[in-house]
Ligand SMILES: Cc1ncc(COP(=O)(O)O)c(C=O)c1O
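One chain follows as structure tokens, the form predicted on its own.
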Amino acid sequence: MTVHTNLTNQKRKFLKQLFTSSFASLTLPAWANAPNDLFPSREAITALATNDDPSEERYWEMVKKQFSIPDHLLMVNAANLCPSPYVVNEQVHTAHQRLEKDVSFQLRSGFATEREQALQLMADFVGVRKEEIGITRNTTESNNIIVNGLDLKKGDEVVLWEQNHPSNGTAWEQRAKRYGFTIKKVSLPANPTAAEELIEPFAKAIHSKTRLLSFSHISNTTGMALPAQALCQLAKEHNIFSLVDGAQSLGMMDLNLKEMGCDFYTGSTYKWLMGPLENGVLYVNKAHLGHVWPTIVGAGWKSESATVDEKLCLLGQRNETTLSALSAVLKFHHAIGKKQIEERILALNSYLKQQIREKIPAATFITPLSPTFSGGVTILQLPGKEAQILFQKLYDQYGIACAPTGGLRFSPHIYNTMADMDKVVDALIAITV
């Protein structure tokens, strides 16, 4: 009981510091043009951090104020790109200013220290060892490191979900053409009622020549979420590799990759993690690092490198000022709570689906209605309406930013409120009459 109380107090203290420092940063020139009523008072921030109650809608309204989204815009496109909280933006801004004034090796050596800190925090965030985590530029690069780094030959086979992102689908097909191995794609039922319906098709596709099972944790085109742990266990039972594309789960779900049991995991920091641009994540189980060849070798690379970051992610010169803020966004997640974030995202999507079903009965959901088989993505189609046209109308007339992917794709995050979901539904009604 004492341990739980101490952890709770530590979390509240950090949350208070985080929101207070975020508020303080708004007095800097970078935010000088912001409207005065956009941000909460110090008293309100203190009350929020002290009460620390994510079950209250006002809590999430306060969280929303940690982002610079103006009142006339509504961002529901986390599956593609998220805004970052002020603490992250300020960190990037400060780092860039430092670099512009001093590009010396001496100053830039500090970025290496920040990278090491980010690697440790990211490893802790997903439940693995620091040596098993590398920082790339995005999920696409992380996927392609595995695609091009594994030894595959003629006669081998790779099993893919047909809904994989191109960087985890087309990339495999191109390499297969060059090296002569086979690609087998698996189709799944659109509205599963049990996890077995999603596992069995993969099990049937695997045979003696299969070397790898690769799938998107959550589809960016339908929003369907797969039972990753069960599928990774299936791969283990057949002694094959498993690659999980986590572009739609990193930062959205309360992940533990050791519990998931995957051999490789990829993700981006600027989607659900709400972190800095041009940063991605690559996890390689330490037992399999020796199976992955580097696809890019830069100055300073060593053949005896024993960490994922040193062996596979040494890319030469890159924008280190964005990476310097990766630690800040991970602390932001911890302050609110990974589980609380996942529950909030699922609650927003469940409410959005419910309201659309009740008020727009003609809508067809591409995404499974059950939270068990969907993540933070809701995709729907409206009869006789082109998604591309509706997508543009929503932004032009109502300031709602979504995506025309697989239909109308909405992916709300913690910078959205339940009232925002009502605005989305009202706008859909207005543009479809």
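The numbering used is simple: start at 1 and walk along the sequence shown. None of the values given here were measured: they were computed from a predicted structure.
A second form of this protein, the form predicted in complex with this ligand, is not displayed here; the remarks below concern that form.
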query: Which of 133 to 141, 358 to 366, 309 to 317, 98 to 106 sits within 4.5 Å of this ligand in the model of the complex, heavy atom basis; finding: 133 to 141
query: Joint contact, H165, Q248 and K271 to this ligand in the model of the complex, by non-hydrogen atom at 4.5 Å; finding: yes
query: Touches this ligand in the model of the complex: S216 (any heavy atom, 4.5 Å); finding: yes
query: Contact of N220 with this ligand in the model of the complex (heavy atom, 4.5 Å); finding: yes
query: Contact label in the model of the complex: M252 to this ligand, heavy atom within 4.5 Å; finding: no
query: Contact of M122 with this ligand in the model of the complex (heavy atom, 4.5 Å); finding: no
query: Position in contact with this ligand when the complex is considered in the model of the complex, options A79, V159, I146, V329, heavy atoms within 4.5 Å; finding: A79
